[in-house]
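Presented as structure tokens, the chain that follows is alone, the form predicted on its own.
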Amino acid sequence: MTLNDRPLVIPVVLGSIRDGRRSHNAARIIHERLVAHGHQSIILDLLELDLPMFTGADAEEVHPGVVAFRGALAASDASVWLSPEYNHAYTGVIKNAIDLVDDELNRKPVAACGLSAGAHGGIRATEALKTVLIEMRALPIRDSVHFGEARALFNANGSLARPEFISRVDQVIDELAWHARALRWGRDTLPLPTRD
């Protein structure tokens, strides 16, 4: 099996803990499409992980949610981060989750995707999120899925009311997978730059 034949591991970080969150439906769709493309994926639900607020305390290092979150990201080749847009920004729980991460995202591609009740689907949130992920030495890709008008986007059973979003998700997955394979080769093959 060659390097590019190995399945990619691409978790989806679900960055909402609100009651009645519509972003869970969007995360599920992204996860399902990743699996359909032959990738290994899980949803890292920040509500279920119940991460502590970052303080730098030693106890955070052994918190079960932190251990699971960091372990899943460390084992990944890439990740998708999905945030609803709150007050023109990504959610506080996503920022807290990032603060609990060390080098698990280093030199790995990420897709930042958004969701909002408005027409633009969280573009402001995703663009802001990309700048923070860069600081973690992750490499955000250009492409995103922006789930706009979220109140009308999903049926009562959580299924997608607008199937044209599937092709958008697939396009982002293809771009992310290309970057994931290239960067996996780089991490496995090339020496890292030295720093003073």
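Just so you know, these numbers come straight off a predicted model, no measurement behind them. Heads up: residue numbers just count along the shown sequence, starting at 1.
Separately, the form predicted in complex with a small molecule exists; it is not shown, and the next lines address it.
**Student:** Just one of 22 to 30, 133 to 141, 162 to 170, 45 to 53 has heavy atoms within 4.5 Å of the small molecule in the predicted bound form; which?
**Tutor:** Contact criterion met by 22 to 30 only.
**Student:** Verify the contact flag for P84: yes if a non-hydrogen atom of it lies within 4.5 Å of a non-hydrogen atom of the small molecule in the predicted bound form, no if not.
**Tutor:** Yes - in the predicted bound form, heavy atoms of P84 and the small molecule come within 4.5 Å of each other.
**Student:** Would S79 count as a contact of the small molecule in the predicted bound form, using a 4.5 angstroms cut-off between non-hydrogen atoms?
**Tutor:** Heavy-atom contact with the small molecule at 4.5 Å: absent for S79.
**Student:** According to a 4.5 angstroms non-hydrogen atom cut-off, is G118 in contact with the small molecule in the predicted bound form?
**Tutor:** Because a heavy atom of G118 falls inside 4.5 Å of the small molecule in the predicted bound form, the answer is yes.
**Student:** Might R18 be said to contact the small molecule in the predicted bound form, defining contact as any heavy atom within 4.5 Å?
**Tutor:** Within the cut-off, so yes.
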